[in-house]
Structures are given as structure tokens and as C-alpha cells.
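Form predicted alone, single chain, as C-alpha cells, below.
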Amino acid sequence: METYYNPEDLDKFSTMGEEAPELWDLYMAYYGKVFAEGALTAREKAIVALAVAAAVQCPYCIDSYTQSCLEKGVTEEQMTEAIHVANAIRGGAALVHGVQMKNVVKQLEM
């Protein structure tokens, strides 16, 4: 299937450090700390990451965190529910921004 995003590009992610290795190393250290066990389990963090990936529409992250969730025992039903949570928040955020439109309409009617 042709797609704008090339699935093989996910494997090239680390090349983003080639011209800025210090920044890459700092990012990877931070990333590693973020996904380490803490107040949230690695499993819970994978579910959050998948939901955020869907909300920001990153196909590479969706692929990666779907695999991560499966490896951590997350079911398809749980992943689907997490995606619905992300959708509800994203949809609500779009709707609440409609208040700005209403404010402009009211201003222009004056």
C-alpha cells in the first residue's frame, strides 16, 4: 500500500542525531527516563503513549506503541478504548475552541 509516510522511516529515527549528537543524546536520555518504571508502569506509559500518538496523528508512533502495548500484554480492546479517550479529549478541545468563534461573532455583531 502506498502511503505518504514510509514505514521503513521509523527505523531511520536515530539518524536525526547525526548532525546534532549532543542534542540527540540528551533527548534519548530524557526519553529513557520518561518511559522507565515510576509512578506509572511501563505498560501504563505505553497505553498513554499510544493514545497521544493517535491524538497527534503520528503513524510511526502508532506503529511503535501498538507493538509496545502488545508486548506488555495490552489487549486490542484496551488500546481501542484508549484511542477513544484520546478522541474524546481532542474532539472536546476542538469544540471548546468554538467558543472563540462565538466571541468573534458577538464582537462583530456589536
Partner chain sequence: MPATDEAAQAVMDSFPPFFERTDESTRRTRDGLDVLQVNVGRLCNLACRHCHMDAGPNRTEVMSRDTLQACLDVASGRRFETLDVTGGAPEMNPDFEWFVREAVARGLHVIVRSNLVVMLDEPYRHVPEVLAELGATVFASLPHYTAKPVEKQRGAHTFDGVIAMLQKLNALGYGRAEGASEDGLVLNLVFNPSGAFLPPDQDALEKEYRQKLAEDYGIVFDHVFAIANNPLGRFGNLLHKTGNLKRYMGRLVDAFNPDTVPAMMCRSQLSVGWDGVLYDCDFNQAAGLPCKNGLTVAELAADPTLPLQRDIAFGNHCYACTAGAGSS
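Numbering follows the first chain given and starts at 1. None of the values given here were measured: they were computed from a predicted structure.
What comes next is about the form predicted together with the partner chain, which is not displayed.
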**Prompt:** If you check Leu26, Ala55, Val48, Leu70 against the partner chain in the model of the complex, which one has a heavy atom within 4.5 Å?
**Reply:** Leu70
**Proximity of Asp63 to the partner chain in the model of the complex, heavy atoms at 4.5 Å** = yes
**Prompt:** Taking 4.5 angstroms as the cut-off for heavy atoms, does His84 touch the partner chain in the model of the complex?
**Reply:** no
**Request:** Output the sequence-ordered list of residues from 34-49 with at least one heavy atom within 4.5 Å of the partner chain in the model of the complex.
**Result:** Arg43
